[in-house]
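Here's a solo chain for you in structure tokens, the form predicted alone.
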């Protein structure tokens, strides 16, 4: 009997566990779900065949190693910083390793030993990274096979609210890790456009936007991700004149969010220790110039003249201009802002999330240029069966299933950018309702 060990029973593991449990019924497999909270593991496995829930603590080396030694395949749904620790154990004990997270430098240092032991360590097999890689590579290799040249490639992804749940001025709520949302984009974004290298520092990021349209759900705006340049080699597009990857938000979000960026409220580099009587309004005022008479609103508009009534209304709706008790008095500005936002951007019980992804290609074929757009829209069912959980967990589950069946027979330290991996995986994802729609125009 093959044993699949899933480390981490958070919300993103829902579809992963369900799919592997379902496919285990006709195969001799046991799915072991391990989490720091055994109750959470039990909740995820309740009613599912061939599953077992156990408690698990990464810091307890002996029990961790014992658990991994008993498995044939380890799927890590833990925070990304823990992947190298688990991967090292898998390497030591000769176990295959799967994750949805980015391939790290620590993982690359294991490459030779992974290959030597004939193991498969498959990373970046979730949504983004994951489905983005596979769907893009399928088109890229198809067009190359036809003798066509790809001269521009742009790819955008967003984790947002389903249209029916957009019930606030921002048309946004936290559908994934709030901290990652608050800190998104920090650093320098880099890409290439028409053969010219472009760099956008963080303080300018939310002003350099692309307009993106989906036929069925309307208009969005995209800001560039930190590193698009490295994907030229990942996608085999080393000489492409234009490549850009970005994150999607509803139109109007970024200009309003930029107020917090410009004021310094998203800074995570220092800690504030504020008096217990501090309010939300006092918090934002602490980032504005002193004036004995002018209001916070006036000072904001004077400091950032592009703030209009619509932007001010969005900020006011968050409660950050109110004289109510600050939810947190010690921490970085970003962590305090996050606590304020969590009160207003938390999901209601009937809210549904949505994943949107769009690839935009410019392709030259026999002297004729065409545009090809490939779009994905996936809407969640409820707060437990979210679109995020589905698009992160299902690719991993399918990859594990295909590997155990021998459909995927590659080994080494890999990304899902090989036809032997992405073709059968995308085919199964389509059966599960995760499918792209293509449009061509001249």
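Numbering follows the first chain given and starts at 1. Remember, it's a predicted structure, so these values are computed and weren't measured experimentally.
Not pictured, yet referred to below: the form predicted in complex with a further copy of the same chain.
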item	value
Residue (of 217, 303, 347, 183) lying close to a further copy of the same chain in the predicted bound form, criterion heavy atoms within 4.5 Å	303
In the predicted bound form, the residue from 203, 211, 330, 116 that sits within 4.5 Å of a further copy of the same chain by heavy atoms	203
Interface membership of residue 79, a further copy of the same chain in the predicted bound form, 4.5 Å heavy atom rule	no
Residue 163, heavy atom within 4.5 angstroms of a further copy of the same chain in the predicted bound form	no
Residue 197, heavy atom within 4.5 angstroms of a further copy of the same chain in the predicted bound form	yes
Contact of residue 285 with a further copy of the same chain in the predicted bound form (heavy atom, 4.5 Å)	yes
Candidate stretches 88-96, 273-281, 139-147, 367-375, one within 4.5 Å of a further copy of the same chain in the predicted bound form by heavy atom	273-281
Output flag, 7, 49 and 52 jointly within 4.5 Å of a further copy of the same chain in the predicted bound form, heavy atom basis	no
Contacts with a further copy of the same chain in the predicted bound form - residues in 389-415 whose heavy atoms fall within 4.5 Å	none
